[in-house]
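Subsequent text provides structure tokens for two forms of one protein chain, presented individually as structure 1 and structure 2.
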Structure 1
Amino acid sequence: MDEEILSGLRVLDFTRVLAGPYATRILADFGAEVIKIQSKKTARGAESNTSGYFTTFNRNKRSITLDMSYPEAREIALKLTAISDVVIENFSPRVMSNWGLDYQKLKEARPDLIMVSMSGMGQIGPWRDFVALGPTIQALSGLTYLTSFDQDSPMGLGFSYADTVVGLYAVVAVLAALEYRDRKGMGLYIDLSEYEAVCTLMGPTFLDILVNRNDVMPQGNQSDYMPAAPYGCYRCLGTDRWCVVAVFNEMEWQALCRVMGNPGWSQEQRFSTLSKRKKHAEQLDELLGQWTGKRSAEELVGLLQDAGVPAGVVQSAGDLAGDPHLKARDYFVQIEHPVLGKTISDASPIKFSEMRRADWKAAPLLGEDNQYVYRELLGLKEGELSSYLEKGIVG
């Protein structure tokens, strides 16, 4: 295998669920050796090695079992740190220190170590020990409110977007720290707060409140930067099929009317100008939805785009898997999993000319790499490893 961008980098991965595993997956995709610390006690639910969730966010990694409740396991963790470049964890602040594995201790094992602590609220402050999942952070940061339909229905996002945001931030932080280490010869400790990471996305809203003194309200599907009407997501024929339509000017409005067959309501005075259509947007959306609900999303979008009306299909995961453009760009990668068989995963949107995916491997089974890590990397004798296994330390 040709060397990848991050070949030679070893990452000790204490992360779980989404935010941390997404960060370490990116590093693994580009060639880093990521060793995931797992335990039989916690390899359940999203952390079950054969779950769809786990296999999605843990490809190209190694897995070892190590029960951190044992003092001997913590000694092993220090030995692994000594041969690693980066340690990443996404526990609440008390966990690593309770194990005696805070940055100061780990740095004794590897003086130029880079350590990333990804937590909900950060390592200091009155909320430091609060635990949080992505949707909690989204609500606290204001993202849930801003992405709802109105202030009385805080629906928000249907996915832990905050976790992907902080995962990307973690990767950028690691790369910056590696560059710093190359120049200065020193490691760094990175305190990454998911709450603050999402708050960085709120800049325009902060300015609107603090500078313009505006009351910021949820926009729903309404345009908040350019006048448009209709502008929304409309139900189409079939189960959970939708399309989006955006009309910004009179030319597009007239084109939409022609595609609809110029129904009588489209000629009414209340819809005669863009400003009037915005004023009566609720009624307009209802009438347009009655028309879209009788046709397939693909048919509608084809007709509207041909007529010059901005429109698109709201694609499901199944639609994406068959998307001709993504297929043409070789976006999906097939990986053989020892239990699940042939799986399809999203590839990286970043394509380097020398990057190869033929050697990508599926997410590991629990403890799959115990022999390699403990025997080859740490040099344990077979009897030592067997003893650790019998005691449950490696377990």
Structure 2
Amino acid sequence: MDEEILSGLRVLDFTRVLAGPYATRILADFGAEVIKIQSKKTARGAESNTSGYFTTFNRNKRSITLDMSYPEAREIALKLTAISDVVIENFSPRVMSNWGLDYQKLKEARPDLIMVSMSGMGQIGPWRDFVALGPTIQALSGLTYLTSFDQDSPMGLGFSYADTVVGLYAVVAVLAALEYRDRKGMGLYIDLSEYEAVCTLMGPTFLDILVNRNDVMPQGNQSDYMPAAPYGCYRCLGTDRWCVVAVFNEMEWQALCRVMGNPGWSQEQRFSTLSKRKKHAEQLDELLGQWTGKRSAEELVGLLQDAGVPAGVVQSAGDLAGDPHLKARDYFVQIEHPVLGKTISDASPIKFSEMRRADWKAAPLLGEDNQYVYRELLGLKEGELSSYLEKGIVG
């Protein structure tokens, strides 16, 4: 393991469910020693060690049990902090300080500590204590409102996007803080807000509102600002089969017309320039949809891409699992799990020229690394550990 990029970096991981675990999974994938703090009480639902959710987001990590409701557990947490480079938590703002484990206190144990608190709203502000999961954040940031066909039926994304992106931001922050620590010898505390993280991904939307006083409305798959037409999602042959087509310039438009066999309508004046096509987008979509509806999505996308037109199949989970391109790029990785057997998960879209996945380890069982962490790393005596176990502190 010693040749990996983050070898030697130890991360104490208090996080649960998705946003935090996604961040620490990236650190673990690249060689950091991530010690996840669990307990019998918390290892339920998405945090149950043999659930698909847990297995997917906690591979390559270690698990110890430590019941934080005991004062002794907090002492142990301080000792663990002393031998860690990074502490990450995604509780509501008061939890860590109620345990006496805020940054000031942890810094006494480890002066150059890097700590990331990732909460829904951030550590300060009138909403700091608000309860938020991924969909809550997507609703508050405008993403749900704008990911809809019209303002009277808001829909939003069919998955918790916010958690993944804030996880990525947390890793950017940790790695930047490591650069800083390398140069300055100092640690840093990072207050990361999931709400703000999603707000940064709204692009120029807020500028448009604050500067131009424009009203930004939901537009479905369309965009007034995208210099493209046709630009949308079209029904294909079969049950719930669809493709997307995006035509940005004249060359792509000519290519599309060719693939369609230059039907009469495609040569009409109303579609002769990009701005005219945008103006008559509805009619254009209708006509294009009549053509796509008679063919399979795969066949169409093949024809269009061969002709140089940006197009894609709207892929389902089944399509993705069998996608030959993802397969050729080893996008999915197979790991043997001691209880679940063969497991499959998404590897990492960050592809280095050499990436060794042979050593990847399945997500840990509950408390799997108690012996290693408490005895070997902390140097507790056999008797001490068994007494903690008996009292349920390590439990």
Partner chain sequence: MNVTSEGDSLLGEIRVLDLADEKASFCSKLLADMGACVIKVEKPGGDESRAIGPFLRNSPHPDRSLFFYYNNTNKLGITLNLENSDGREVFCRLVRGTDIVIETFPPGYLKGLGLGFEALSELNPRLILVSVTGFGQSGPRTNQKSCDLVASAMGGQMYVSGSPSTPPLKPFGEQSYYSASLFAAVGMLLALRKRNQSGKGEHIDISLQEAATSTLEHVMIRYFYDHIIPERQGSLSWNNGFCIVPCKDGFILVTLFHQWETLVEWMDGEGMADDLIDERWSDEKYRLQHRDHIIEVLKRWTKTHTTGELFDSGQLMGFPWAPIHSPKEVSESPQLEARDFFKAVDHPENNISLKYPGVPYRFKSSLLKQVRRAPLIGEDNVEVFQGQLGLTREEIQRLSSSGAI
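Take the two forms, superpose them, and find the largest set of C-alpha atoms that agree within 1.5 Å; that set is the rigid core. Everything numeric here is computed off the predicted structure, so don't read it as measured data. For numbering, take structure 1's sequence and count from 1.
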| item | value |
| --- | --- |
| Form predicted alone - which displayed structure it is | 1 |
| C-alpha of residue 248 off by 2 Å or more between structures 1 and 2 on rigid core | yes |
| Per-residue C-alpha change between structures 1 and 2, residue 96, threshold 2 Å, rigid core fit | no |
| Core-aligned C-alpha movement of residue 197 between structures 1 and 2 reaching 2 Å | no |
| After superposing on the core, C-alpha shift for residue 223 between structures 1 and 2 in angstrom | 3.8 |
